[in-house]
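Quick heads-up: it's one chain on its own, the form predicted on its own, in structure tokens.
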Amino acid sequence: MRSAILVVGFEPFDGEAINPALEAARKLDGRWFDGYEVVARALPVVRGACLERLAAAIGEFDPAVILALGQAAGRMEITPERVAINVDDYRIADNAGGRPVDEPVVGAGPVAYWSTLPIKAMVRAMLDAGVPAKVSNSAGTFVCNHLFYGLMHALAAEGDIRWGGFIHVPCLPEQAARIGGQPSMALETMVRGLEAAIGAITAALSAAVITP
């Protein structure tokens, strides 16, 4: 039985010195949830390269679940994403200077993929833990969506033998203070919410019931 949950978080981007997604992933690294160990890895904010690094991590750990994390400035809640779409349309350049416009993530791939995580149960668990959360219906068209779509495409290609999805987290207070006018969430609150979300995932794994 696969016994790892791979949590990946993006490195800082767009001039930032920190990315809450990666900081939260690091806090979860080595934790155990209902017999599943969390293993965390950092991903570059680079089109294509993030998927290569992800594939290597999947090959290394053979996880039951892949949970990808990214930063969403302007959001007040932790937001599990419902759907990934097959388009790269970057408002800013990625960390390698790439800025595709209206290009597919995967040529001739499907228009979209659903998350295979129990996103509504995850939101309920986070709210029960006192952490603001809601389902999001758009992962955007930047590298977060690129990773989400590429992940789900890869999982579909191997026959959906493991589950995967994406969660956006808000900025940290220190980022909001520097930028100004942005909602934020303390890292400790973020981690508590993600712990609750992972608990909902492992409960669904145990029951072998999942609803997008």
Ligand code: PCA
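Given the structure is predicted, the values throughout are model-derived calculations rather than measurements. In this text, residue numbers run from 1 along the sequence as written.
Although not depicted, the form predicted in complex with the ligand is the subject of the following passage.
*Asks:* Just one of 170-178, 66-74, 156-164, 53-61 has residues with a heavy atom within 4.5 Å of the ligand in the predicted complex, so point it out.
*Replies:* Contact-bearing stretch, as computed: 66-74.
*Asks:* Only one of Met185, Cys144, Leu151, Val38 gets a heavy atom within 4.5 Å of the ligand in the predicted complex. Which one?
*Replies:* Of the listed residues, the single hit is Cys144.
*Asks:* Can you name the residues of 7-35 that have a non-hydrogen atom within 4.5 angstroms of the ligand in the predicted complex?
*Replies:* Counting only heavy atoms within 4.5 Å of the ligand in the predicted complex, the contacting residues of 7-35 are Phe10, Phe13, Asn19.
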